[in-house]
Each structure stands twice: as C-alpha cells, then as structure tokens.
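To begin, one chain is listed below as structure tokens, in the form predicted on its own.
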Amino acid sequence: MKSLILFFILITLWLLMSGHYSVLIISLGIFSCAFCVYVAKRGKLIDDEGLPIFFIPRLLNYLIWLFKEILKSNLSTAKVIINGKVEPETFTVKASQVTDVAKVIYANSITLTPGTVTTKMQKDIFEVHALNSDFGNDVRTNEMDNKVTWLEGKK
C-alpha cells in the first residue's frame, strides 16, 4: 500500500513540475516513478520513516500554527536587533517525540523560528542557541514540543 502511495506522490510531483503533457513525457514519467518505487522497495526504504504518511491528516493545522509562530518570532527578532539587546544563550531541551521523523520536525521547527537554532541532537536532548532569554523561554515552555507530539499522533 505504501508503495502505491509513494508512486502516486511521485507521479503527481512529476506531472506538476514537468509542465509537458505529451504521451512520451508522461510515459517516461510513469516509468521513472515506477523505477524509483522499485528501488526504494528493494532497499527497504518505504517505512514510517521513509514515507511518514501517519501525520498528513494533522499537517495543515501544524503548518498554520508554525507559520504564525515564525511571523511572531520574526517581528520579535527584528525588535531585539534594532534595540541592540542581544544576549545569546545556549540551553538544552528535552524532546518528547517517539519517532525519529517527529524529532527532526521538532528540531527543524526550532531552527525555522527566527531567534533560535538547534545546534545538537542527542537522542531526546536538543541543544538550542537563542538570541536572548525571551526566545529561550519560548522554547522552554514546551508548546512547540507538544504541537509536534500532537502532529505525531502520540498525544
């Protein structure tokens, strides 16, 4: 079933990015996507980590929340830089996610939010660099951690 889902995702992307819809191009696209699925299946790459379809139903809600957080953090970062009140700090935070995919999403979400960067990941502990303590407090409240755990479907 996951092979079929991967094939449809690949062929959809192929058609959207190609922009050419002749019989030859579509045939080559179908062949290429089928070959990619075959190689992925032989390499045992089609699993929950390689094709994380388990969080697709909750993804739109999470992305809306993340974009709102990025916008708010962008404005806060600009304010801190303009005021010159930069007091960087490095701290650790615990991730409550179960799957590696969700942990990576959490680390990348921290980094996408201006003013914070995930600098190191060791199992469930992330090292985070923040522009100042306000940004560090935003990460330490665990709101983003809870959202990613919800996205994972474990809460």
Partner chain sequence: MELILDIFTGICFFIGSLSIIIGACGLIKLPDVFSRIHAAGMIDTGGTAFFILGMIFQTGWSLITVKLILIGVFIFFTSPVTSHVTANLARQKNILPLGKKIGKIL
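Everything quoted here is computed from the prediction, not taken from an experiment. Numbering follows the first chain given and starts at 1.
Heads up, the form predicted together with its partner chain isn't pictured, but that's what we're talking about next.
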- Task: Tell me whether Asn61, Gln97 and Lys147, taken together, all sit within 4.5 Å of its partner chain in the predicted complex, counting heavy atoms only.
- Result: no
- Leu28, Leu45, Ile125, Cys36 - the one with a heavy atom within 4.5 Å of its partner chain in the predicted complex: Ile125
- Query: Do His129 and its partner chain come within 4.5 Å of each other in the predicted complex, heavy atoms counted?
  - Reply: yes
- Message: With a cut-off of 4.5 Å between heavy atoms, is Leu24 one of the residues that contacts its partner chain in the predicted complex?
- Response: no
- Query: Even though its partner chain is not shown here, does Leu13 get within 4.5 Å of it in the predicted complex, heavy atoms only?
  - Reply: yes
- Query: Is Thr92 close to its partner chain in the predicted complex, meaning a heavy atom pair under 4.5 Å apart or at it?
  - Reply: yes
- Message: With its partner chain taken in the predicted complex, which residues across 105 to 119 come within 4.5 angstroms through any non-hydrogen atom?
- Response: Asn108, Thr111, Leu112, Pro114, Gly115, Thr116, Val117, Thr118, Thr119
